[in-house]
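Single chain ahead, by itself, as structure tokens, in the form predicted on its own.
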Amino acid sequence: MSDKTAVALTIAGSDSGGGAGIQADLKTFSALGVFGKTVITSVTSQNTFGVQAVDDLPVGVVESQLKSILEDGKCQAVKTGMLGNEKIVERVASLLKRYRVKNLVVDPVIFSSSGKKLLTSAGVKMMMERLLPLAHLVTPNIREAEILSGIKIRLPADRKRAARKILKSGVRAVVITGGHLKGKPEDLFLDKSGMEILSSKRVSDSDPHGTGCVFSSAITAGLASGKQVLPAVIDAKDFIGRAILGEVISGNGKASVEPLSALYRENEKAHAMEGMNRALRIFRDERIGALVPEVQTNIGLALSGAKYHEDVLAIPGRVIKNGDDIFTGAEPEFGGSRHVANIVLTVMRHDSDKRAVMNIKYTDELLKICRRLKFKIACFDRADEPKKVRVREGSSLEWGTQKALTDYGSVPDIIYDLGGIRKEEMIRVIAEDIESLTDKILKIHRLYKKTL
């Protein structure tokens, strides 16, 4: 490990389900390039349905772990999560004060997301008296803020009053998270300099498990990396949004946030790029130019769970034919074609496993070949296209795809149309992935060659 590597410590409970607690904290630290150390305070038996049992560790075991870490050199930042009871809170606070720990973030875990109590009432009192005065930041959700402040939060003004009351405990800054509020998830940040409302878009309605732990550990990682408190909070808010978008269903109950989703996404992007380039090499070698229409062709390959144009890999400028040969003027890129992305994303709204599309030219012979291959075939008629769709740039293919899918009742292998005014007739080949798309195109091409 380099001398410059940032180190963060989490003092929290173990979540056997992997969605929160120590497990989520360590994944968050790793995702943000920070080396993570741990002190386990409690062992919970939980899964995606909730917490079934809680076993706090003896206070001496917690003390032993914490001393081992703090005597081995200072961590750049420390966070506390689930502490369990007043004895553990008191001992942790005493040691953090004795070792003059800086950059302390307190996530005041009082209840699990499923409603199980994770800190005794005496522990809450001890946290306010002994731990918060040592902290740079405390990160309560609405329910926790009500308990820490004694103020019922119903209106935005109540949240401000609660934050001011909590700040009087001696903590340097408060951020009351707003993910459980209706509407936009607005977080309220307050320190001695003033108040900030941090707003963002709601990216999921599922309220996944682990958001509080990941948010506070992302702030801790930011502080360990040298950021000031407010910038660390802002960056953590962005990070938790990405972790929510990458949520994982790991059991039969609630989904969990995935702190490593951005790394998984980059890996998936690399595999998609590799697959696309491999398909293009095969199509060049097979000389599929006879399949390319006059308006040229493109290939769309979406990432799993794609929602935006930027989630779809395509070729800027399209695939161009020269006789039987094909070539591209640019490398594939994500967001490379809004037109093909519209088709892929429309298909995925009906079947999220169908993520690859390529358009080829329409002939009666090619349609016969598709039927001979026993492909499922749907179509739409451009004459049915509403005027408001025709005049809106880029919406025609989305409308046509949607119409064909709705009429057919599921996602077929082929969607074709017979064109219209200044619109070339077209066949679109749909598949689960780039490999199965390549296989379908080659089967069509090889049979078509025999007819030429």
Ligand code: PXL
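As the structure is a computational prediction, the values presented were derived from the model and not from experiment. Counting begins at 1, following the sequence as shown.
Note that the form predicted in complex with this ligand isn't included here; everything after this is about it.
Q. When you measure heavy atoms, are Gly21, Met82 and Val109 every one within 4.5 angstroms of this ligand in the model of the complex?
A. Every residue of the candidate spot has a heavy atom within 4.5 Å of this ligand in the model of the complex.
Q.
I need the one stretch from 38-46, 65-73, 417-425, 404-412 whose residues put non-hydrogen atoms within 4.5 angstroms of this ligand in the model of the complex.
A. In the other structure, the partner sits against 38-46.
Q) So which of Asn103, Ser113, Ser337, Thr177 gets a non-hydrogen atom within 4.5 Å of this ligand in the model of the complex? A) Checked against the cut-off, the match is Ser113.
Q: Quick one: from Cys213, Val138, Ala221, Ala243, grab the residue that has a heavy atom within 4.5 Å of this ligand in the model of the complex.
A: By the 4.5 Å heavy-atom cutoff, the listed residue in contact is Cys213.
Q.
Test of understanding: in the model of the complex, would Ser14 fall inside 4.5 Å of this ligand by heavy atoms?
A. Yes, Ser14 lies within 4.5 Å of this ligand in the model of the complex.
Q | Proximity of His209 to this ligand in the model of the complex, heavy atoms at 4.5 Å | A | Close contact exists here: in the model of the complex, His209 approaches this ligand to within 4.5 Å, heavy atoms only.
**Q.** Close approach of Leu118 to this ligand in the model of the complex, 4.5 Å, heavy atom
**A.** Result yes; Leu118 sits at the interface with this ligand in the model of the complex.
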